[in-house]
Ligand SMILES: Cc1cc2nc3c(=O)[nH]c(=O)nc-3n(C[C@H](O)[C@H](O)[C@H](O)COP(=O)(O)OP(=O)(O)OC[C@H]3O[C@@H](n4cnc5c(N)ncnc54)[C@H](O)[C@@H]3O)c2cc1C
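Only one chain is given next, in structure tokens, and it is the form predicted on its own.
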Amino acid sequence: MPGIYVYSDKMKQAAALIGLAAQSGKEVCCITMDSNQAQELKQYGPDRIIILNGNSPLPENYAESIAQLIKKEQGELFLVASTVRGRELAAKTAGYLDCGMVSDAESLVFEDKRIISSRLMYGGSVVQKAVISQLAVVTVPAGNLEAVQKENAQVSIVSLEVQADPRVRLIETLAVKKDKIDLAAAEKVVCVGMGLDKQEDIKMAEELAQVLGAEIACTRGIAEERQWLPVESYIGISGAKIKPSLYISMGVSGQVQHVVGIRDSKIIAAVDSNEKAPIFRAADYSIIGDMYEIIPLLIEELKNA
């Protein structure tokens, strides 16, 4: 039964992939390992949901079983969300299918007998387009798609007994302490860059964010080099991609890797002392000056507004 298969270990991304696959007009089959997730996914209207029943909690251990299923049903495309687990599963499944793979597709256009994929390369400075005319595996980054609910969707749910690859076993699970940051869902974002002199100056950004009701974000250097904010806070091609109604940068130079992560913002406002900073080319509103003078004035005005 030809069609498009989708998988994500994250509920929101699985729902979004269903919507993307539905644009093809072909049958959409959603694969999951979670029966509870299967019930939630019904509202997004896939034609079928297949629950994998096996003895491993690792999705990538079912790559061979998924490949066999897709081969048996003559599937045309396997869409996988670009999560840590998803990328591992996608690569292994493509290997078992002996087919091509497109990583981190920004968009897919379904034509009559082919699919046009677009992805960013070289830090976002180049868009690569590829034509998919036969079975392939495609990974899609989070934040590029939105789920669409369907009323009274008729969905067939079946369970499939599968064999897991025994060569990889989960020995131990340790919780990673993370701040609860959901930049992808933020309506307003205040972002700090390497223009900040010292870590204590983040308090100024936090005060601005509090007045605006915004989330705090940063560039990669602030998170990974200086370690002033958690890695979940940084925006860029390898970090979070956001689309808030308002994005304000403080001391952010605006290299292309960062701009890729903010380009879908409705309004971009930038404050930087360097009039040639690349961020100004992406900004809707530019303030050239010392942030240590400008931001406190802005905070005061907002408090009095």
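Start at 1 with the first residue shown and count on from there. Quick caveat, the model's predicted, so the values are computed rather than measured.
Although not depicted, the form predicted together with the ligand is the subject of the following passage.
Even though the ligand is not shown here, does Val252 get within 4.5 Å of it in the predicted complex, heavy atoms only?
Val252: yes, in contact with the ligand in the predicted complex.
Report whether the minimum heavy atom distance between Asp290 and the ligand in the predicted complex is within 4.5 Å.
Because a heavy atom of Asp290 falls inside 4.5 Å of the ligand in the predicted complex, the answer is yes.
With a 4.5 Å heavy atom cut-off, would you call Gln257 a contact of the ligand in the predicted complex?
Output for Gln257 is yes: heavy atoms within 4.5 Å of the ligand.
Gly86: heavy atom within 4.5 Å of the ligand in the predicted complex?
No, no contact at 4.5 Å.
For this chain shown on its own, do Tyr234, Gly239 and Asn274 all sit within 4.5 Å of the ligand in the predicted complex, going by heavy atoms?
The answer is yes: all three residues contact the partner (heavy atom, 4.5 Å cut-off).
Using a 4.5 Å heavy atom cut-off, indicate which stretch of 155 to 163, 73 to 81, 189 to 197, 127 to 135 touches the ligand in the predicted complex.
So the stretch in question is 189 to 197.
Heavy atom within 4.5 Å of the ligand in the predicted complex - qualifying residues of 212 to 229:
If the 4.5 Å heavy-atom criterion is applied to the ligand in the predicted complex, 212 to 229 yields Thr219, Arg220.
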